[in-house]
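Taken one at a time, structure 1 and structure 2 that follow are two forms of one protein chain, written as structure tokens.
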Structure 1
């Protein structure tokens, strides 16, 4: 359907948000061209797309690298995400019908079951997806695209960050936001959204690489070959305090 450079950009994006390609990783044209078995030019076009999306940066005559956002930029991304979701919340509190609220509740319930059954990886994905579903209900595709881009960038940030925040509180936040909004209590809902994101950022310490640096060939291998790859989404953690490498977050229940 779409061009090959778009397809390759999609794969690279996927590899980045799966933390297989970590910030700072060199994306050499020749190497990628060999990996995907296309010409350098197609690769270059893909890299341009990634750059426009904020996931890579091209330095003239030096090549492309997975973006390594500064702490400042990280904060700005989260601020922007908060702003967007608050705005969507304001719209939904007016306009959303019963079916919409039901969909949100159902999503939270699914995540809750995933947590209960110990499927941390699924719970993690669902937790991310909640924000996407939330924005989708605004029925504004432009807003959806902006939001999706911001989410991708926050996901990239987690490669740079030790995220030891309370994961289950976040799930509760989702449920509480729904409750507040449906009752028309917009202001506390917006404050909760802000706090929600702040609680994520608070745990952030931009220090070292959290995920191991793989060579592009290693990183991209699972996405190649058989058409649309099965579901190769392993995000091997580095020297974390373990947790089995289930997901991207540590699931520490804060006593607070």
Structure 2
């Protein structure tokens, strides 16, 4: 892949993460080539990269679209995350030293403070980061790459309506996993990791969207040359009355 194709793939990925390109949005080669002022071949390489990451789907005779995950796919993604994190848990239980346990506990404490202050947005970000830190402490780069790819696929799920999860209970799961692993109680820790992911995925309502659909040009405009120094704003959520419950809080792991 050329550097230009990679840069475009990164922009498209960012736009999906920011909910500016929503599931089902058409990613036309010709339109994207005009937006980025490149050839369709360069765009095609970018779309293949998104497809490899599970962020786009290429349909014969129809072209590419931002992937629209099903409940079955959501279950499979979180099952895969569970297996990866259970493998990491087995490693950490035997190998992690005091500094590693302290780092995890400090992260949980930051989450707890965010929840206590009512800062749901920060609590959500920290909830996602906990899993990344957890896997990073394994020092297994292959495991980290697999986990990161799965997390990217959960970004699509973040554009869907979710149930109102209990931040405190999900936060307690993180703290309990640390306690169990530090005490060498691997089996209950692995069971808790499985239950934690299942509680997250059960909250998804797959037939409604939280974010309004923009055209590709509207969605990508903030990322184009000349605005590189600006931080694009994520697309605003629809109001609760627009689609029944779109304002519900969620502990979504993305990217978890």
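Residue numbers count along the first chain shown, from 1. Take the two forms, find the largest set of C-alpha atoms that superpose within 1.5 Å, and that set is the rigid core. Note that this is a predicted model, so its numbers are computed, not measured.
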Worksheet item: Between the two chains shown, which is the form predicted alone?
Response: 2
Discussion item. Keeping the rigid core superposed, can you check how far the CA atom of residue 17 moves between structures 1 and 2, in angstrom?
Written reply: 2.5
